[in-house]
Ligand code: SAM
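Below you'll find only one chain, the form predicted alone, shown as structure tokens.
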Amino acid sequence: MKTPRLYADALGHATGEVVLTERNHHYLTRVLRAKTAQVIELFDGSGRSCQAIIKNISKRETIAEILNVTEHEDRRLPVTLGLALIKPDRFDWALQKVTEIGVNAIQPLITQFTDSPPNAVRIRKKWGHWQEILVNACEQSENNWLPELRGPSYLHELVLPQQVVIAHPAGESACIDTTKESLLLIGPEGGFSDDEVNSLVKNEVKPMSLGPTILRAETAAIVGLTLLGYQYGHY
């Protein structure tokens, strides 16, 4: 049986023993039916992982003893994905996959063609759900570094870094400076508007083709990160 692998953000401050979160307690006791003395793996999303052994299980909590700690190099892509908000199920799928790939940060975008831009109340309701997707993806993919999830921003209000790439059918194979971090912009269904593209190009944003066909936004995110990953030497 594969060793259960669980996210434990308190691991970075723990010594000796750690009280697992209600989420992990529920999973171990209700789903896995775990027992004392069972070995599990914990990681904190900031490059630290350890093997641990379950010392005590009560009705309300699970306590684990930390056996050994490993510090992992940050191997995330030096890329922030600026992904336009699209249909919820497709956006969720994209979050999962780009976390598995190892994106450094995720910047949700609101663009001219974003359908029904969410208000602050909707964002707050979504935030925990999005974070849980990132955690689940790291648990599954054995990625020890959680991507940074940034608050949604309107594209025209976004502060652009030095190196920005925009996925665009009219673009070419963009060459990047691999000594710098990149921001990859992916538009919504229907793409970026002409005004948005023109404004970005004026700011020396590099248009990049993702191939001869028109891709869905969630597919474009995967392809774009993969192409940049090759240039950074991550594959």
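Just count from 1 along the sequence shown to find any residue number. What you see is a predicted model, and the numbers here were worked out from it, not measured in a lab.
The next section is about a form of this same protein that is not shown, the form predicted in complex with this ligand.
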(Q) Suppose contact means a heavy atom within 4.5 Å; in the model of the complex, does that hold for all of His168, Ile186 and Met208 with this ligand? (A) yes
Q | Partner proximity in the model of the complex: Arg23 to this ligand, non-hydrogen atom cutoff 4.5 Å | A | no
Q. Counting only non-hydrogen atoms and a 4.5 angstroms cut-off, does Val18 reach this ligand in the model of the complex?
A. no
**Q.** Interface membership of Gly47, this ligand in the model of the complex, 4.5 Å heavy atom rule
**A.** no
Q. Could you tell me if Leu215 has a non-hydrogen atom within 4.5 Å of this ligand in the model of the complex?
A. yes
Q.
Given a 4.5 Å cut-off on heavy atoms, tell me which of 51 to 59, 178 to 186, 66 to 74, 35 to 43 is the interface stretch with this ligand in the model of the complex.
A. 178 to 186
Q) Can you name the residues of 53 to 83 that have a non-hydrogen atom within 4.5 angstroms of this ligand in the model of the complex? A) none
